[in-house]
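Two forms, one chain: they're shown below as structure tokens, one block per form, named structure 1 and structure 2.
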Structure 1
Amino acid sequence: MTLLRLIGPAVIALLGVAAGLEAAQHEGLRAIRERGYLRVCADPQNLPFSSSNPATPGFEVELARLVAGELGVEARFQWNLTYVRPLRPLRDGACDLFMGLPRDERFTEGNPWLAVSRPYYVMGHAIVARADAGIATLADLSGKRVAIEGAGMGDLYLNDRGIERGIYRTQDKAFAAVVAGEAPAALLWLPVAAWLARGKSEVKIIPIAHQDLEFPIGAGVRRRDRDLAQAVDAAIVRLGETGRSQEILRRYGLIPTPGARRRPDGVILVQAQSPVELGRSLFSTACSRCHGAEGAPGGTGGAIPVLRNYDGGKEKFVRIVQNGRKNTAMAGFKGILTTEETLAIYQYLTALGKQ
């Protein structure tokens, strides 16, 4: 029997009030600026949205850092698995901001203590199709067995239209079914589809613009923190006007790159990234902090090698990246970058001109 059960519900309630009063003293924009950092709720294992791994932080983490910067502070992350009462840390004052919440009246009515900022992107769905399946629109799914995560929006959408569904436990498994040839297509959240399709030329990603399959996404704060809510709204506007938020979203495949091919019916066809394009994106996220943009100038004082001049061969490159180098600052990325992703970085670097 725990201590909380022994002291009884009435005392727990009083402690909760006291804790709430104490937390309130450390909340709001003024308190955040006084301490110098914004506490952000985030899932440590939820790519492409968020990750506690600095090599692959996820777009929500990158955006939260920009928002914090606009407020004049740094972002510090309160890691909490989203399938374990995800909003409770925000509600109880353990953090100040929760990225990636739907700006939807039904959602905020169910959480009256919560306020969601203006949206910074629209969460949509995408068809993941085998390149040879002849699928380009939602209409092309008719008569086919479509891989889907059970009980999600995409599942309900296809069921209402009488389209056969292959039910999988997760979106990752539905995607894998397409890659393995078990299904000609899947209907997934666009961020997940774009992330899983990196470097896989056998599939194509077709973003879908349909009101039943998309909703705007903003950042959540406690409703009582009105000054913080206003500041976050203003930060999101500024980041949009300068294009900094779009650059992150584009890098993660959530908005089309300039020149993307648009069909007459409005569907934007986004092919999976080539290995060189994937390598550029991965290098920017995982390597550029130490090795500099585009593999140059090679770190502070030239102590770090100029990677764009690397000529040791791909096998050695993969071995170094995966295992690291002893007695240096080069840590191993095994478990962070796959062999395929490491080879994509190698192809990107070797495609650059040497200095």
Structure 2
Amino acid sequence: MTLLRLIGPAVIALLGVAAGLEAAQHEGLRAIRERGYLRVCADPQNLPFSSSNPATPGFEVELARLVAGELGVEARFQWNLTYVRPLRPLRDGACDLFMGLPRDERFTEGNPWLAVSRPYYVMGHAIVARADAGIATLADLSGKRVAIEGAGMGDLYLNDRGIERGIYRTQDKAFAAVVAGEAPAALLWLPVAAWLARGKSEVKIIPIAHQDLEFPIGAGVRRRDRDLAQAVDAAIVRLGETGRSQEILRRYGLIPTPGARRRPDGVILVQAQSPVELGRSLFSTACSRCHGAEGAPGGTGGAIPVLRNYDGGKEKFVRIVQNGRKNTAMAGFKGILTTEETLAIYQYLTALGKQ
């Protein structure tokens, strides 16, 4: 009895909270549609991601506009410098969407109020090297001092491999060190490397495919805006299917232009119409750089297995692609490609005409 009396008010209070959340959920998307615009928080000076300069908006701004368009509204930007408590305006309701967040359990555990959408690209890393430094692969970095922003994923990666690091405060500064000849190479986020190296013939970019250097990126909304979260997910899938997000990512050097195999790239996780079509697009963004266009012989490195008409069986294929092969360039795609997506690649490769 005592117990019941004690928990009674607590249960009622909980129900009250739940009902309040329920109402807020429905308010989320409806309120946005009624007011006719989606409020997007973004950093005004963070190219290539975002900028308040309409001439160079950045890819996150361009993508946010498309997402808003899919919701039937326009995007209005709320500019906040993101190095101080970047997510606070979203949490406090000053905006509805924040692009460019890692889809990572530890990250969302640290921000339980936050929901991160399906990924629209995978953040990768690239070496930026002086064109005359004789650096073509990661292995060429040993014995050299590599410029790096401190405490990031790349810093840990180099440290784990015993590569000497020159620590800089920002990626821009690490890049500048390469241009100035202070360091033969830097390890940067791929979009940053591609952006900073625009039109600079003295440096070259070498994308590095390794699971320790990759993480999927989605858009953040408040978890309680559940209908908005679902609508954003659906928008991202549609933008992928119609190729409109790839068009933007390609312009910023994040995925290869058709035919260009050694360009900076990232994996695009989209659902295409048929598994074979999906497989084709996943293969060309995630695998062809090493395994050759359409899995034909002659991929980079020569010793790379030919995957066209792969006949090792479904199970083995999925296992290798998900887990990778230890101590080879074949990194695992777990957390990047689902089993379904991996099977789509398998179907695509086995459906190709014999060569």
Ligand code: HEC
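Counting starts at 1 with the first residue of structure 1 and goes up one by one along its sequence. If you superpose the two forms and keep the largest set of C-alpha atoms that fall within 1.5 Å, you have the rigid core. In this text, all values refer to a predicted model and were calculated from it rather than measured experimentally.
Undergrad: Sort out for me whether 1 or 2 is the form predicted alone.
TA: Here the form predicted alone corresponds to structure 1.
Undergrad: Once the two forms are fit on the core, has residue 55 moved its CA by at least 2 Å between the two structures?
TA: After core superposition, the C-alpha of residue 55 moves less than 2 Å between the two structures.
Undergrad: 2 Å or more on the CA of residue 324 between the two structures, with the rigid core superposed, yes or no?
TA: Shift of 2 Å or more: yes.
Undergrad: Hey, does residue 33 budge by 2 Å or more at the Cα between the two structures once the core is superposed?
TA: No.
Undergrad: Taking the rigid core as fixed, quantify in angstrom how much the C-alpha of residue 347 shifts between the two structures.
TA: Comparing between the two structures after core fitting, residue 347 shifts 44.5 Å at its C-alpha.
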